[in-house]
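Just the one chain here, the form predicted alone, laid out as structure tokens.
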């Protein structure tokens, strides 16, 4: 995950968790717990915004190291 994906997920998920109760009670009336749509929309935002950031050399090395660790285990 890039910085853009992480930031997008945090902002969208956090905003959804805060605003959901008001929107749900005023318009949707689902009674759904706010964390459910917040997590779903947060994951969606991660995938949407992830391409806006770039992978650094340190990120690539960390990923390769973890991949080698998982394959070795």
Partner chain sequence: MDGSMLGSVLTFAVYLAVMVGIGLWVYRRTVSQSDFVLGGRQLNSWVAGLSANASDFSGWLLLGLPGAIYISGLGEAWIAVGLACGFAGSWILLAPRLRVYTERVTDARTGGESDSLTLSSFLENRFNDPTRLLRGVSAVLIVVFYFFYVASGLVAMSALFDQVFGLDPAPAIAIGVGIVVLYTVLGGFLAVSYTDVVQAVMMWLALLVVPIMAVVALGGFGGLTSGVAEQSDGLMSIVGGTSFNAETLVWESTDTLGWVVIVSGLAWGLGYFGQPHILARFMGIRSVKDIRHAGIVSVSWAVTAMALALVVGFVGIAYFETPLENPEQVFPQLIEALTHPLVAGVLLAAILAAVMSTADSQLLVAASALTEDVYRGFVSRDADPRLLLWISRGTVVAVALAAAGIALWGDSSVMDLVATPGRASAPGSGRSCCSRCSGDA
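Numbering follows the first chain given and starts at 1. Everything numeric in this text was worked out from a predicted model, so none of it was measured.
What comes next is about the form predicted in complex with the partner chain, which is not displayed.
Although the partner is absent here, residue 28 is not a contact residue: none of its heavy atoms lies within 4.5 angstroms of the partner chain in the model of the complex. Although the partner is absent from this view, residue 36 contacts the partner chain in the model of the complex, with a non-hydrogen atom inside 4.5 angstroms. The partner chain in the model of the complex comes within 4.5 Å of a heavy atom belonging to residue 32. Within this chain, residue 14 lines the site of the partner chain in the model of the complex, having a heavy atom no more than 4.5 Å away. Relative to the shown form, the Cα atoms of residue 63 and residue 53 move apart by 3 Å or more in the model of the complex.
By 3 Å or more, the C-alpha separation between residue 9 and residue 63 grows in the model of the complex relative to the form shown here.
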